[in-house]
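Heads up, the chain below is alone and in the form predicted on its own; it's given as C-alpha cells.
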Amino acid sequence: MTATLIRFMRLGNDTKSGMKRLYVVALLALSCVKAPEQTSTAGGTTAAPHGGPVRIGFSMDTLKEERWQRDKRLVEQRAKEVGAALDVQVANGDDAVQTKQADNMLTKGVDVLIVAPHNGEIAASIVEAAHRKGVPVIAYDRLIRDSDVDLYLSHQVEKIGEMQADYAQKHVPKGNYVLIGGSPTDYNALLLRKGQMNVLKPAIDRHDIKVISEQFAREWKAEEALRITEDALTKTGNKIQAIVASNDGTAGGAISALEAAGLAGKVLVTGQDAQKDAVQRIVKGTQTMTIYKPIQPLAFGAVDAAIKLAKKQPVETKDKINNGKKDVPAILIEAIAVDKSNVDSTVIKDGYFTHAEIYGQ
C-alpha cells in the first residue's frame, strides 16, 4: 500500500448506513443545516431573499461525461419547476476558471451556490468568498475540503468503493488485481480507493489477491486507464484476473487495452455511473458491472436544499462527513450495483435508458 493511500485512509470514515430504498435518505432528520449569517463587505451587505425568485448559482467542473450532462439537465428542470432563477457555469476542468466563474456569480448577486468542484481543496476559496457575502454553499457530488462548506450532497462514495471491491472479490476471490483510481484532485477518487481497500486488504494480507498496480488516472481520463492497464498486462505477461476501475470512463480505457490483448470479457472489470456505453458493454460481456447512482434525487435534492438555505431555513440531514476542517452535514444517497443480471430491473425499469438504447433492438 502506498504512503499516499495510507495517509488518506486515516481520514474520517463515511457513514456506513444500511441499504434503504431511494429517496429515504434525504428525509430522515437527525440534525439541521443553517445558512451562514449575513456579513458586511467593503461593497455593502448582501441582501437576504428579496421577494423575487431565489437565485441559484451552479458551478460545474465539467460536462465531459454523460452523467454530468444529466446532472445539469435535472438541476435545470427542478429549478424551473420550483420557480428558481438558475445560472449554470462550466469550468471545463480549469480551477482558475471555476473560481472566476463563482466570483462572477457572487458579484451578480446569487443567493446560494451549488459547487461541483474540479479540485476539492482549491474550491475552499469559493466557499470563503461566498461566506464573506453571506451566501451559503452546497458541495455537489464532490466534497470541498478544509472549508466551512454548509452542506454536502452526494452518493455514498466510500460505500461505492466497497461495493466495487466486494463484487470483484466475490466473483474473483484470488488472482492479480489492477486498481485504477480517478483524478487525485477529486476527493471522491480517494474515498473510492479507501472503500475498495476496506474490502480488499484482508485478501491482500492473505496473499489471495496480489495488487499489480494501484495508480490514479489523471482527470479520470480513459487514455490514462488504458496506459495503466497496458503496463500491468506487460508486467504480468497478460495474467490479470480483475480490474477495479473506479468509474465507467476508466473502465472503458482498461477494456480497450484488454481488447487489444484478446482478453476482453475474460477479465472482470468494475465501473461506476451507469453510462450508456458502459451498460452496453455489460450486456455485451466486456464490462462486468457498474454502480448505478440515480441522479434525480441528487439534483432535485440540491435545488430544494439551496432554496431552503437561501431563505435561511434549516435543511434536514442525517449524516456528517469530515472535510478536514469540520464535520459537514451531509445527505448521502444510496447506489445500486448493476451487472448483466439486473440491467432490465434497474436502469431500464427506472427509465434511465430504454431497452433499445442498451440492446439495440
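Everything quoted here is computed from the prediction, not taken from an experiment. Start at 1 and count along the sequence shown; that's the residue number.
From this point on, the text means the form predicted together with beta-D-galactopyranose (GAL), which you will not see here.
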(request) Examine K308 and determine whether its closest non-hydrogen atom to beta-D-galactopyranose (GAL) in the predicted bound form is within 4.5 angstroms. (result) no
(request) Indicate whether beta-D-galactopyranose (GAL) has at least one heavy atom within 4.5 Å of a heavy atom of D141 in the predicted bound form. (result) yes
(message) Is it the case that T290, even though its partner is missing from this view, gets within 4.5 Å of beta-D-galactopyranose (GAL) in the predicted bound form, heavy atoms only?
(response) no
(message) How about E316 - does it come within 4.5 Å of beta-D-galactopyranose (GAL) in the predicted bound form, if we only consider non-hydrogen atoms?
(response) no
(request) Tell me whether F58, D111 and F300, taken together, all sit within 4.5 Å of beta-D-galactopyranose (GAL) in the predicted bound form, counting heavy atoms only. (result) no
(request) Have a look at 173 to 181, 76 to 84, 266 to 274, 233 to 241 and name the one stretch with heavy atoms inside 4.5 Å of beta-D-galactopyranose (GAL) in the predicted bound form. (result) 266 to 274
(message) Please identify the residue among Q156, T286, N119, N188 with any heavy atom within 4.5 Å of beta-D-galactopyranose (GAL) in the predicted bound form.
(response) N188
(request) Just give me the single entry in Q196, Q98, N247, T229 that has a non-hydrogen atom within 4.5 angstroms of beta-D-galactopyranose (GAL) in the predicted bound form. (result) N247
(request) Within 4.5 Å of beta-D-galactopyranose (GAL) in the predicted bound form, which residues of 213 to 233 have a heavy atom? Give them in sequence order, or say none. (result) W220
